[in-house]
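So here's one chain in two forms, each on its own in structure tokens, numbered structure 1 and structure 2.
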Structure 1
């Protein structure tokens, strides 16, 4: 289950390997990890490197160590869910329907408000970045190109809010949002189906119409959510 680690940054790779196994559920909450000396031997790393990795995983809320019971995986409620690594591991391990729903709900709360703020505060340069991302979406020839441009569009909108908290939040959820947008494109028969929604958001931001931008973004996110739900039921 646990692969030997054969790279330079040993403790970093131990973090990645164990973190992925825990978040994917291969090592379930409540399960005790092997004793330090056994785990270090199996992963072919020093006990020092293993201890450093355990400190990182503990800080992320994934594990806890106790003298008598050893190190065990904590329940998901204790995980740092917005930690960039934790989000990346969740997205890399085939996200569950429940996780996708929670991402969709987070988008519905944040992105319409961000679009309204962008319509009020955007600069000419920021509008240009949103337009460039939209044009890249329109010109895309496959789902990969579309997904990259789609993520750039939403990033540009968030930057145009001039709200450093929203901008910082994007840097945390970027991996998860990118995975969500790619999933939405994969589930659609025409991956460009949401282009008209993006055009309405762009036009409202260009015309400085906050409430129109808010409503357009809300419809876009809700439509994406419905698309994923619809195809999940068929699967």
Structure 2
């Protein structure tokens, strides 16, 4: 489910390495990085590759370079918190319940609103995709199959909103939550427990009932969230 983000470029590796160090707090905001020449030498790459990486991190708002002053880590308020990489680094370094809560909160805001919008604007074709995903969920025989279909269901709903900003936001939140979502699927025996919830959402979207869809989706994600919370508490 979680794609390993394979990087073939050298500068990409440097981006990952430095990005992780910064987001994890190992290099705190305000401190200066070693100058390019030294840092390049230390990381065993050319200054060229290092600089290409720095431009990327700079674009994400993590660092700021000025002549003579050097390159320093910017305060967290300037970071592109919704950037896929930044989010991934946070998840990798700070898997605190606190942060998962924040992600789940975002999801709980977005998804009900998306369901309502989908009920209002969905086309016949888009409804078809949601139905297909639902059928796949109903027909699944193990957790793996179910997870894939579940994801397809939510994606189909998002697409039916006709708002690419919402789609983008969800996909970012979703990948960040990633493995944690697996926690919301209870024990292996009743992995289909939330199927009725999905049915209600589907029906509401089919009948073009925005408020019903919103409410049904809200129940669903709130339920999923409390499950995650329960699991988190145990660990």
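We call the rigid core the largest set of C-alpha positions that still match within 1.5 Å between the two forms. Positions refer to the first chain, counted from 1. Values in this document were obtained by computation on a predicted structure and should not be read as measured data.
In this comparison, the chain shown as structure 2 is the form predicted in complex with the DNA. For residue 219, a C-alpha deviation below 2 angstroms is recorded between structure 1 and structure 2 after rigid-core alignment.
Core-aligned CA deviation for residue 32 between structure 1 and structure 2: 2 Å or greater. Core-superposed comparison between structure 1 and structure 2: CA of residue 127 displaced by less than 2 Å.
When the core is overlaid, the C-alpha of residue 17 ends up 3.0 Å from its other position between structure 1 and structure 2.
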